[in-house]
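Here's a solo chain for you in structure tokens, the form predicted on its own.
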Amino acid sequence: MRFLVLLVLLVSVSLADVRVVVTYPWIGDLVRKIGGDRVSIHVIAKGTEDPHFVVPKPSHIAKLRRADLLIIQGAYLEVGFLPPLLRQANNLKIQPGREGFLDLSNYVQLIEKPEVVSRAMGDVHPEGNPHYHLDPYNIPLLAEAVKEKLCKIDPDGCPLYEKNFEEFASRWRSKLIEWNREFSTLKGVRVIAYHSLFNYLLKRYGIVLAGTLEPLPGIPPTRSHIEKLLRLENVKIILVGVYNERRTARFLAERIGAKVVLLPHDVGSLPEVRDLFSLFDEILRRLKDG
């Protein structure tokens, strides 16, 4: 009898879990903070990977096949690796447009949406810049979207999701006060970035993007383009992501008297970045030290 009771409890616990697959670690952290113990999470990409070029693996297919919910960053960021995984997983409930699919890009205002798109423009995203999670003001909107989707899929867990969301949002509001105060000291600082990865953060806090090492999105630096960047004045910082090559940035920094600053873009991209809170803490610390 005791064995049967234990078996029933184990089955009920396993059925309570919402199996969630997310494309990037920051989404996984957000889902974990809202879903708590009621969700199991599989993250496709690593924090150290270039988010544009994630390598699809068979293990991801198995997780997608059993998933109740798929959450993506969207804005065409996953277009290079997610479609073949979804086709092979053959899980109808997590296909775009179905209840088990959530595209977070639909819940924020995207910037840099091109009027026209052509190959001559480089690797542009037709819906706009997809790196919107690096504006800290977007995170509560995304957390609420996750909460609402979890409540729809798992109504019994909704009181927990509501409670976790309120606690997360309250803590985030407190951190925003701190971040706003500290980031304000960087307003007007002129920077060069390798890629348009941090544009939402720069725009939010008035940090001036003077240029990019890429002549066009996704196109490696060229000699002629670097010569143009050498003519820029009063540039203090050159921003590079963890997956960017740094030789070009160091060369340019030496010539114009700037400092190269390596910034994290996702949870797990650097050892210090354990969650979304420490992501912005570390970005701030590195920018101020720069």
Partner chain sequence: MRKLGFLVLLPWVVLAETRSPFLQPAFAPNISFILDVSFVLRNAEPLQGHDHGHGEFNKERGFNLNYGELFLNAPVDPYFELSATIPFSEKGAEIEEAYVLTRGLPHGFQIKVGKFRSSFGRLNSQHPHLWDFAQQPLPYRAFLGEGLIEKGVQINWVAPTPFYLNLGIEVLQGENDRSFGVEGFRVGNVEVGDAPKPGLFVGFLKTSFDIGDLSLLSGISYAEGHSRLKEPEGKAFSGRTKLYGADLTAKYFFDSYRHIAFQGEYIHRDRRGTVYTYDGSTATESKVVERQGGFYTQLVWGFARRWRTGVQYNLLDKEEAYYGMLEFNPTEFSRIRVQIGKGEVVLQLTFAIGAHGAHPF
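Positions refer to the first chain, counted from 1. Bear in mind that the values here come from a model prediction, so they are computed numbers and not experimental data.
Although not depicted, the form predicted in complex with the partner chain is the subject of the following passage.
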When the partner chain is placed as it is in the model of the complex, which of 165-173, 131-139, 78-86, 148-156 ends up with heavy atoms within 4.5 Å of it?
-> 78-86
With the partner left out of view, is Gln95 within 4.5 angstroms of the partner chain in the model of the complex by any non-hydrogen atom?
-> yes
Applying a 4.5 Å heavy atom distance criterion, does Pro220 contact the partner chain in the model of the complex?
-> yes
Mark Lys46 yes when one of its heavy atoms lies within 4.5 Å of a heavy atom of the partner chain in the model of the complex, and no otherwise.
-> yes
Using 4.5 Å between non-hydrogen atoms, is Lys259 touching the partner chain in the model of the complex?
-> no
4.5 Å heavy atom contact with the partner chain in the model of the complex for all of Glu144, Ile177 and Ser184 = no
Can you tell me which residues in 58-82 come within 4.5 angstroms of the partner chain in the model of the complex, by heavy atoms?
-> Pro58, Ser59, Ile61, Ala62, Lys63, Arg65, Arg66, Val79, Gly80, Phe81
